[in-house]
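To begin, one chain is listed below as structure tokens, in the form predicted alone.
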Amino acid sequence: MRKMHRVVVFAMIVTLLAGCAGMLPSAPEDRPVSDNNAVVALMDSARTDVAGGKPDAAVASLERALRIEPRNPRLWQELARLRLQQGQYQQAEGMATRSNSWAGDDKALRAENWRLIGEARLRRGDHQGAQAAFDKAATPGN
């Protein structure tokens, strides 16, 4: 009975992940990351590095951009996304949380951050925390 329960929970998690994968937007390249040309150039460089399979170089570019604009929630979110891809789930969650702290009333950005947090928690095995984050992402005004 207990084994069956685990199988059902696992199947639910896989289904949830599959659904969230479709909900998780790719990098929001259509939204301006900043009015600062240096920050935009560094973000472009980071995206090029990611596409070229150089995540460490991308991280360096984003960290330089964050030294210019430390309160830019889109930069924090991009760095969280990279850390998630690198398997650094605790850092990804922290950076998405920081992005939310600067996101103001940008509900779409906040929802994306909650989905990143949920994904990071899920990959760490924190299923309840992940579900709470996904629920928060789906809550209007999160």
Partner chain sequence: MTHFRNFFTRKRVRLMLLSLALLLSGFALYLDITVRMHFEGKRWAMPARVYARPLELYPGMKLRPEQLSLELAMLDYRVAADPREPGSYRRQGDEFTIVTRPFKFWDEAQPALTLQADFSGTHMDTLTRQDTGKPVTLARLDPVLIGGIYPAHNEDRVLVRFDEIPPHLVKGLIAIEDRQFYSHHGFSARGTARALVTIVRGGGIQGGSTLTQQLVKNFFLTPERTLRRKFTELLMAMLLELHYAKDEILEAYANEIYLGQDGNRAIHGFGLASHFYFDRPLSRLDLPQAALLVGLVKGPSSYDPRRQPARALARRNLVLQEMRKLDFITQAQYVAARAAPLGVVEKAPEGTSRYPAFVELVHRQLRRDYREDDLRSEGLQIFTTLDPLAQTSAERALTGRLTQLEKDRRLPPKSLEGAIVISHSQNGEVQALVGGRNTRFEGFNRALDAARPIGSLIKPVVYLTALERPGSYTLATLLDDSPLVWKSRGTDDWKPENYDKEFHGQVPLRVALANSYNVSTARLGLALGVRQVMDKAHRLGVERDLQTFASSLLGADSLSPLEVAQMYQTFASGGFRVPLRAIREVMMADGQPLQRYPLSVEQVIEPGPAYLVTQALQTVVQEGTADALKHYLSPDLRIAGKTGTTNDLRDSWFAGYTGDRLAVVWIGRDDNQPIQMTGAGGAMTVWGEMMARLDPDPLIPPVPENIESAWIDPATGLRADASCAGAIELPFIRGSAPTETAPCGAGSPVRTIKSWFERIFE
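The model shown is predicted, which means the values in this text are computed figures rather than measured ones. Numbering follows the first chain given and starts at 1.
The same protein also has a form predicted together with its partner chain, omitted here; what follows describes it.
Trainee: With the cut-off set at 4.5 Å between non-hydrogen atoms, does R110 touch its partner chain in the predicted complex?
Mentor: Result yes; R110 sits at the interface with its partner chain in the predicted complex.
Trainee: Check whether R64 has any heavy atom within 4.5 Å of a heavy atom of its partner chain in the predicted complex, and answer yes or no.
Mentor: R64: yes, in contact with its partner chain in the predicted complex.
Trainee: V50: heavy atom within 4.5 Å of its partner chain in the predicted complex?
Mentor: No, V50 stays farther than 4.5 Å from its partner chain in the predicted complex.
Trainee: Indicate whether its partner chain has at least one heavy atom within 4.5 Å of a heavy atom of P32 in the predicted complex.
Mentor: It does not: once its partner chain is placed as it appears in the predicted complex, P32 has no heavy atom within 4.5 Å of it.
Trainee: Given a 4.5 Å distance limit between heavy atoms, list every residue of 68 to 96 close to its partner chain in the predicted complex, or none if there are none.
Mentor: I68, P70, R71, W76, L79, R83, Q91, G94, M95, in sequence order.
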